[in-house]
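Only one chain is shown below, in C-alpha cells, and it's the form predicted alone.
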Amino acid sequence: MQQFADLITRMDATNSTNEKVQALTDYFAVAPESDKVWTIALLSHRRPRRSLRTNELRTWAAQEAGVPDWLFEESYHIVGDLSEAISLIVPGNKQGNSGTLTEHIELVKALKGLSEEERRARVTGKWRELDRTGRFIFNKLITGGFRIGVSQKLMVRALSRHTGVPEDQLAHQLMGDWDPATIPFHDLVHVEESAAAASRPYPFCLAHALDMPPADLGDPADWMAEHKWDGIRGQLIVRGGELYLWTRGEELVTDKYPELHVLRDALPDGTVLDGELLPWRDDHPLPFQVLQTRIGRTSVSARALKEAPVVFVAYDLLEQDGADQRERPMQERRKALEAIVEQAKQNRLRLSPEVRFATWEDLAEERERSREMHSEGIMLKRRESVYRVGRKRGDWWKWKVDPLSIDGVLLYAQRGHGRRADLFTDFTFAVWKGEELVPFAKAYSGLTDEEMRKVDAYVKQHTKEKFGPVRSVTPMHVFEIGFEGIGRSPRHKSGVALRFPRILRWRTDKDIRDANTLEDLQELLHAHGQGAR
C-alpha cells in the first residue's frame, strides 16, 4: 500500500506526461504481482463496486473527527471530494501504510456482507492505521470512484517499458473480460491465448475533430465519408459459436440487447465488426433519447424491446475468419464488410452507408442534413488507412455539425470538484415561461479561468438561498448554452432534456429579459428532437 501511496503522491506532484509515465514504470518495477494487476485494473476502469453508502462514511467520519455533522458537511462541500475530505478531517497514522493494495481491496470487497456495526469497525479501524494519502486511497476504493490523473494510454506506455511488450499488443491484451482478483500478472500481459481470448475485443480506433477546412485534406477521392451516428460505439464479436457485444467503455452488454443474438448464427465464426448500436424503426435511426431508455437496465422488458428496438450499424471489419484485418487498407476492409453484411441477410445488422461526394462542397451540403438523419455530422476516413489503436491524428476525422444553442439565465450554482472545489463552477440555467424562470439545463464547462472567477464572485455576492451545496442566485446574467440534441423528458420541469450541454459564451451584451423562452425550446424540440421525423 505504501508503494501505491508513493505512486499517487508522485503523480499528483507533476503535470508532466513523461514524469507520470516514469513514476508508473518505477512502481511496476517494485510492486507485488497482485498489486500490479489491480493497478492496471484501476486504470482500465475495472474498479471494485461501491460497498458502502456514502452517508454511512459521512456519519462515521464526523464522529471519528469529533465534529458536528453540519461542520463536516460544510467542510466536504468546500473540499469538493468526499474521500479527500475524510482523509483531511479524520485523525490517523503519520508513519506510513502497511499491507498491500490487494489486501485493502479484498477488505473493501468483504464489507458488503457485514453488519453495519462490523462495517464501521473495519473502516474506522483502517482509517486509524493509514496516513492521509492511504486514507484517501482507501476511501476511493470504497466509493468506487477511483481516478489518479493518468490515462490508460500512459499506463500502457509505462507497462510496455516494464515488460518489453509492444504498446499495441498490450492495449489488446488488456481488453476483454478478465478478473483482477484471479488472473496472474504474467498471464494478463504475456499470454495471448487465454480464457478471455474468445471474447476479447480490439482497442478502438478513434478520430480527431476536424480543425481545418476540409479542402486542406487534399483530393476528395482519397477519402471515404459516412454519417457520424449518434448511438453507442461497440464491437460485435462471433467466436467459438458465441456472440459477444462490447461497448467502447469496455462493458460487455451482450445480454442487454437480446434482439442482436440472431447475429450469432448469421455471421461466420471468427468475425469482429466495429460499429454503432442504434435505436431503429421503419428503416431509419431514432434519436439517442430513445436508446437512453435501454441504458443501465439490468433486464429488458417486452415493452422496451418494442419501444426502443436496436440494430447494429457496422462500419468496419476488424477480424475475418479468425484473422486480424486491421493492417489492411480501409477500402479493402470496407469491401469485405459489405460482402459479410450482404450474406448475413439480417435486418438487425445494417451497413453504414457511404456518403458519395465529388467535391468538398458536396460533402458540406450533406453535413447540413445530419440532424435530419439523427447523426452528429460526418466521419472522414482515408481510403488507404489502417485501423490504429487509440486516437492518432491524420487518417480519421470527425466533422461534427455546429451545436444547437439557447440563451439561458443563471439561476443556481454549486461548487466544483478537485482543483475547482473552492469555486462555484457547476451551474443551472433557466428560460422564461411567462414571468417565471424555468430551469432547463446544467452545465459546467466552456468558461475561461478568468470568467469562472468572475462568476464565482458574483455567486458569492448574490446568493439568495442555500440548499445544501446548491445556492440560488439573483438572476442577472445570460449565457449561451450549446448542446448536441434535445428530447422530451417528463422528469424535468421544462419538459426537455439536452444532450451534452455546455457554455458557449457569457452574453454580457444581453439583459435577462432577452433570454430565450420555453416556447423557443419547444420549437427546437419539434424541429430537431425526438419525434422530429
Partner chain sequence: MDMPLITFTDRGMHCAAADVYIDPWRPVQRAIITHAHSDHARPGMGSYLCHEHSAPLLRHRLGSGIAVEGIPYGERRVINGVTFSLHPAGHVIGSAQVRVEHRGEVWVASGDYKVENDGLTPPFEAVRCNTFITECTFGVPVYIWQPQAVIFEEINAWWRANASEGICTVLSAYSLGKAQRIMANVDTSIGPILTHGAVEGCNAAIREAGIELPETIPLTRETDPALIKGALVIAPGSAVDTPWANKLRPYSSGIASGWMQVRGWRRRSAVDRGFALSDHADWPGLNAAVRASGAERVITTHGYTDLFSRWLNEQGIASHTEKTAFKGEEVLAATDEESTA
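Positions refer to the first chain, counted from 1. Only the largest set of C-alpha atoms that superpose within 1.5 Å between the two forms is called the rigid core. Just so it is clear, the structure is predicted and the values come from calculations on it, not from any experiment.
Quick note: we don't show the form predicted together with the partner chain, though the next part is all about it.
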Under a 4.5 Å heavy atom criterion, is residue 85 part of the interface with the partner chain in the predicted complex?
yes
4.5 Å heavy atom contact, residue 49 to the partner chain in the predicted complex:
no
So in the predicted complex, does any heavy atom of residue 15 sit within 4.5 Å of the partner chain?
yes
Contact between residue 75 and the partner chain in the predicted complex at 4.5 Å, heavy atoms?
yes
Just one of 336-344, 156-164, 320-328, 131-139 has residues with a heavy atom within 4.5 Å of the partner chain in the predicted complex, so point it out.
131-139
Would you mind picking the one in 455, 373, 266, 79 that has a heavy atom within 4.5 Å of the partner chain in the predicted complex?
79
Does any residue in 61-78 get within 4.5 Å of the partner chain in the predicted complex, counting heavy atoms only, and if so which ones?
66, 67, 68, 70, 71, 74, 75, 78
When the two forms are laid on each other by their rigid core, does residue 337 show a Cα shift of 2 Å or more between the shown form and the other one?
no
Superpose the two forms on their rigid core, then report whether the C-alpha of residue 410 is displaced by 2 angstroms or more between the shown form and the other one.
yes
Flag for residue 134, CA shift 2 Å or larger between the shown form and the other one after aligning core:
yes
Please check whether, in the predicted complex, the CA atoms of residue 410 and residue 376 lie closer or farther apart than here, given a change of 3 Å or more.
closer
